[in-house]
Each structure stands twice: as structure tokens, then as C-alpha cells.
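Next up: a single chain in C-alpha cells, the form predicted on its own.
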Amino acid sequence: MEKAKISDKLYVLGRREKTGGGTLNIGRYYALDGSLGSHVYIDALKPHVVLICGKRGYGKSYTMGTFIEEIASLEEEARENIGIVVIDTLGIFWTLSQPNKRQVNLIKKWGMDAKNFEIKIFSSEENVNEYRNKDIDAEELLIKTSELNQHHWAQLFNLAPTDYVAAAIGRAVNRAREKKEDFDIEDIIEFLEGDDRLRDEIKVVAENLLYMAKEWKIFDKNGTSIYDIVKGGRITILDISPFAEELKIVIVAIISRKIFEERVKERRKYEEMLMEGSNKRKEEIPITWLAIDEAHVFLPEEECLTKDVLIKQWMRQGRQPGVALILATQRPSSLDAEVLSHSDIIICHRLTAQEDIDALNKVRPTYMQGEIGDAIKRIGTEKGVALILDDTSEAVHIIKIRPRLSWHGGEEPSAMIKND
């Protein structure tokens, strides 16, 4: 069967052998009678902003896992030039390391085999010990203290940037940065105590907050290198589930900004290589796909540190340096409107909340006939069925997401255990 090209990103193919390089097999076309049609593929070689949304329990995290599996299964030449970083807010993606024994029969019906994937996890000290007991490669996640500015500290302690305590910490951080290239929380406290312009009561409150942050055991003079976090051909999972929401936001803000900055440098090197006529491609930080679960935490309507990085840099400018986003949320109405407008592929599972449907209708593409709510009704209540809006093809598709090859850790617990 010949390849029927629908767009630069979305393909319908009879068999995977004829896809060519760099495409992700995410599922098959789904008819109203429940029958399945041709396979659906998405291009992985160019950056995208993919938004996956839907009601809880209808396949958002499952679909995100499918994307991750597919990127990790690309042909070696493409796979080695792509790094996958998963922001895991619920501690569910470690199961990528285990084959999907629960759906073996279903997977075989799709002509595939259950398998596990090699992963590297960064998390808290306690989680790392648990993962290592499962024979999973894991290391403690450490954030370099000197990379936090006054706004990060204010976010951590839920302070306004103009608050006296936030200002006191900011002054101590700036003085530490003037004196030392690398420093830790103890150094900040030392400069705080030596600030004669601060009242004692301000110092006491600021010191208590800093000592509290020290007990979180995540801030370090050196920190985890971004070169250890992002590697070509590898799935890296940042399990930030043990941390408070304020800390999660700071972690994602710092790491995502660092990835973007490094990719800008790599892009410059790549252009220089082309101008010199060289075909040797050795990147320290490869093209990066950042997958973020519970995306509404980091991209809300209100002000948030992570929006400055993910919207202003990753979404507005990400195509040139080579960074891509996969976002999953059950609350599209809680997302900043710019997230919806920047998403060039929207995958929507079942939604019933009117405010969520209204949020999608606000960015309903001109090529779509009728309301998004009417289209969502067509996908019914079956789990794993989704509506795809593809801007490049200017078309709307209904598909069935393919079964996961690795174990899905995001299902709701049940008193009854069922296998297919």
C-alpha cells in the first residue's frame, strides 16, 4: 500500500515498514462503528507543541507514554540525536522500565510485542533508594543553588518579590554571587547574617526559611549537570512527585531554561558546521522533547515562573533551537490561552466540563466545521479514542491510540484486577 501523505506531520500508512525515518506510530483511524483503519504517524524530526487533554481516566498519561515509547523506538540515526525528558509530577512513569504484561493479547492484535525501555530517573534521595531496589538506574536530583534568583526564592516561600524577607534573601544571594561562583545555602545565610542594613526580625524569618529549604536536600553547590539530564537516545524521568508544588515550579523553570539556553548554543554550532561543509554532528545537548504531565500546574492562567520559560522561549522560539513540548492536562480551561494557540497538534480525549470545551472552542481552527464540543461527542466514551486537530494538514481526525508496550502506571486503582 502506498504512503498517503496527509501533512508534514500526520501520515496514514498501510504498514510501518513504509513510513520512512523519524515518524511516530501513535494509533489508527477510528470509525464510528468502532472499526480501525490505517495507521496514524506523526513526524518526530521537527519540533512541535503537542497538547493532550481529556477527562481523568480517559488516556492522557497513556497517550503521553505512547509518544515517549515511540520516540525511544526511532531508528538509531534519529534516536541518537533526540533526548527525552519527562516531568513526572505523580511518580508514574518509572513503569516504562517494565513490559506491559497486562495487555499482551491486545498488543499482539496490533502486531506488536510488549517490551520495556531503558530509563534514567532523577528524584529525591528517598525515591532514588526505592528505584535502585527495583534495579532502575536512578540518581538524586540536585539543583545548583547559584542558579536561583530572587524570584525563585520568592516562589519557593510564597512571598511577593517586594516582600522585605524576599528582598533580604535576594540581597544575600546577590552578595554571595559577587563573592563566589558556586555557593550553597549556608553561604547565603552567612551573607544574610552579615548584612547590617537588615533588622533582626527580618533576618530571623529569612534564616528560618533558608534552613527549611536546606532540609529539602535538593539545593547543592554543584547541582546535577544538565548534560547528565539530557542525553541523546535516552529517556530521562524527573520524578518530582515528592516535592511541594512551589518547589516543582522552580525545578521545572530552572531545568527548562537551562535546556533552552544550551540548545541555542548547539544550534549556533550546527549552523557553523554547515557553513564549513562538515557533516560531523556531535551535540552535547541533543534536540529535546520535554514531556510535562499535569501541565496546568506550570502553565496556568495566572502569573507563574515556568510560563516565562515555556511560553516565551520554548513555544515562541523553540522551533529554531530545536526543542519540542508534549503537554498533558485534564483542565484545558486552566491553561494560559497562549498554550492553546501555540499547540500545532491537539489530541483531545473525552471532555464533559463545559468550561474545558469552551476553552478549546476559543482556539477552534478556521478549517474545522462545527464546534469542538460536537466533534468530541463523536468520539464517545471509549477510553483511548481521541480527536486530533492538526494545523499543518488543516484537518480533524478521530483515532484510537495504540496500546502501550510498557506498563502504564497511571491507571486508577481498583479492587478488581483485570487483564485483557
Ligand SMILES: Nc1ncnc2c1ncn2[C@@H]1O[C@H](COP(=O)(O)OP(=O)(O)OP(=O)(O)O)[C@@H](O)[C@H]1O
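Worth saying up front: this structure is predicted, and the values here are computed from it rather than measured. Numbers follow the displayed sequence, beginning with 1.
Below: the form predicted in complex with the named molecule, not depicted.
- Contact here is defined as any heavy atom lying within 4.5 Å of the named molecule in the predicted bound form, and by that definition not a single one of T23, K120 and T236 is a contact residue.
- For the chain shown alone, E140 is not a contact residue for the named molecule in the predicted bound form, no non-hydrogen atom being within 4.5 angstroms.
- For the chain shown alone, K60 is a contact residue for the named molecule in the predicted bound form, at least one non-hydrogen atom being within 4.5 angstroms.
- Under a 4.5 angstroms non-hydrogen atom cutoff, the named molecule in the predicted bound form lacks T306 among its neighbouring residues.
- Shown alone here, N81 lies farther than 4.5 Å from the named molecule in the predicted bound form, counting heavy atoms only.
- Across the options 372-380, 353-361, 61-69, 36-44, residues that bring heavy atoms within 4.5 Å of the named molecule in the predicted bound form belong to 61-69.
- A heavy atom within 4.5 Å of the named molecule in the predicted bound form is found for exactly one of S343, S97, Q330, T89: Q330.
- This chain is drawn without the named molecule; in the predicted bound form, the residue among L106, V264, I226, L159 with a heavy atom within 4.5 Å of it is L106.
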